[in-house]
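Take a look at this single chain, the form predicted alone, given in structure tokens.
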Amino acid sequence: MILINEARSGKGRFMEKVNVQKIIDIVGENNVKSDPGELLVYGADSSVHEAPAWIVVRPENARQVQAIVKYANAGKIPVVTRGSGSGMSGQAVPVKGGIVLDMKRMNRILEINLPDVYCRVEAGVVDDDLNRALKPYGMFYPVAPASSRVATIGGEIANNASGVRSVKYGAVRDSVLGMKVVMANGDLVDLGCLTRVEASGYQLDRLMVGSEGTLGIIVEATLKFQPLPKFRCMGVANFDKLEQAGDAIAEIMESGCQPSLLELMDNVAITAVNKTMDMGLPDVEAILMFEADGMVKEAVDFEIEKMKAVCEKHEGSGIELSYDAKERTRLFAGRKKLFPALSMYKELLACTSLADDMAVPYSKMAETARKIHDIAKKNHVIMTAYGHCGSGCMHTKILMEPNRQDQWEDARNAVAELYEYVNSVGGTTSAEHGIGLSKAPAFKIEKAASLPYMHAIKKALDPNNILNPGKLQDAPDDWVKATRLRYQVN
């Protein structure tokens, strides 16, 4: 046994041992990383959390994943599966240490089947790469998270990711037909089927979607794709009051319209984008972006005019419409680059992903947007309201001074208060970014009645608790103390 790492966790000093040669024999020396600098990188994702990995392993195929998992299970060594690390809640942070399984080498597109309208891909395939491969066939994979240029299919499935087009095309769960999964004992199992409907027993493939790597390791996925629309038209409307934009969102969805995109930006977001990108957006409380797509222009015209009329009814002004691809890119540029722009909102403030992707009923969108700002003011932080409002998803980021401990307490209070409100109106903790560590306390409150059943499922599929331990129902109750906060300077 060869010593790998000595690290500090929330429970004090500990030392763990892994047989490095055994791992090297499985994947080769070039695909094992134990340098302290590399371990530091792999100990964090795009969240505020970080915790030390013991070793990083880069498998090339399912057989290697099986061998690694069998070894880990025998020694009760944690295994944390990782794609590109773009998760914003701490799902890929090895809070219990162990092996970080980097899946990016498994990046082959195995099949594009046009007659049956599906493709088979390995877990490390990047979203945008898949769409580049589908485009010559006139098809696309519609999930489209903001991180699509780096996000891997395995990670998207593990978190049930979605994006700007989820209002029409749904989340990952709506595109998955089946998958191959390595279970905790090393077995490789096929789940799902190649058909659009299935009524055969427990649909375990559905269980894996959104499980955040706690029940199995996805090594291959079968996904359905969609024809690329021949026509797309985007519109933008400005609103002097958040409530007006919120009411327009609710009426658009109530009206029977089928937008392919429906996005909100509040004044904090507008200010950040103007400061960073010099876009010259109007100084209003809210901007609403809406889009229709389809194969028949007249149908797209009908949808876009109907949404425009709803915006005008709720005092939307300065409305622009465009079918032109370059013009649509210009109209959407501020929303596309909003997350990095928020870090430039004000000197000394960092943009943190905490309570960042709750969902609420359409009728509560306006109230939720206002509530976000009221809670921020009460707790001495700045918060923004934006997101995929056509799916009921309200994004927010907390802008705070990360070197001030009192600001972390302010953030903790703001997060708790916001999720208490979301729960009270029938909303949900996460619409697309998953739970990880940051949202665990709110998740446990929301799912209190089902937590015992989640524990039972976890115990049945992973009796030695090696797969991403310390997440979902087993995640720490205090996200501030769960790990080192990497935005903090000690």
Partner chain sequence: MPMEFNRMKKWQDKLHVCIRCGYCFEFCHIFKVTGWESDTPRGKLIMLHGMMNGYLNPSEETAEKIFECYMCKRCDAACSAKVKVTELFTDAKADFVDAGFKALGTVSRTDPDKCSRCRICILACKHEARVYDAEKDEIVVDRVKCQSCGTCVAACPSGAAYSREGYGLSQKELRESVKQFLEGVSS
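Positions refer to the first chain, counted from 1. Owing to the predicted nature of the structure, the values given are computational and were not obtained by experimental measurement.
Below, we refer to the form predicted together with the partner chain, which is not included among the displayed structures.
Exercise for review: Tell me the stretch among 310-318, 79-87, 210-218, 155-163 that has any heavy atom within 4.5 angstroms of the partner chain in the model of the complex.
Suggested key: Contact-bearing stretch, as computed: 79-87.
Review point. Can F443 be called a contact residue for the partner chain in the model of the complex at 4.5 Å between heavy atoms?
Key: Looking in the model of the complex, residue contacts with the partner chain do not include F443, since no heavy atom lies within 4.5 Å.
Review point. Closest heavy atom of T329 to the partner chain in the model of the complex, within 4.5 Å or not?
Key: Flag for T329 set to no.
Point to revise | Proximity of T276 to the partner chain in the model of the complex, heavy atoms at 4.5 Å | key: So T276 counts as contacting the partner chain.
Check your understanding: Applying a 4.5 Å heavy atom distance criterion, does W408 contact the partner chain in the model of the complex?
Key -> No, no contact at 4.5 Å.
Exercise for review: Using heavy atoms only and a 4.5 Å cut-off, determine which of V422, I435, I68, V56 is in contact with the partner chain in the model of the complex.
Suggested key: None of the other options qualify; the answer is V56.
Exercise for review: With the partner chain left out of view, choose which of R232, K337, R173, H380 has a non-hydrogen atom within 4.5 angstroms of it in the model of the complex.
Suggested key: It is K337 that has a heavy atom within 4.5 Å of the partner.
Review point. At 4.5 angstroms, heavy atoms only, are D102, R484 and Q488 all close to the partner chain in the model of the complex?
Key: Looking in the model of the complex, the three residues D102, R484 and Q488 all sit within 4.5 Å of the partner chain (heavy atoms).
Review point. Is any part of 32-70 within 4.5 angstroms of the partner chain in the model of the complex by a non-hydrogen atom, and which residues would that be?
Key: Heavy-atom contacts to the partner chain in the model of the complex: V32, K33, D35, P36, G37, E38, L40, V41, Y42, A44, D45, S46, E50, V56, R58.
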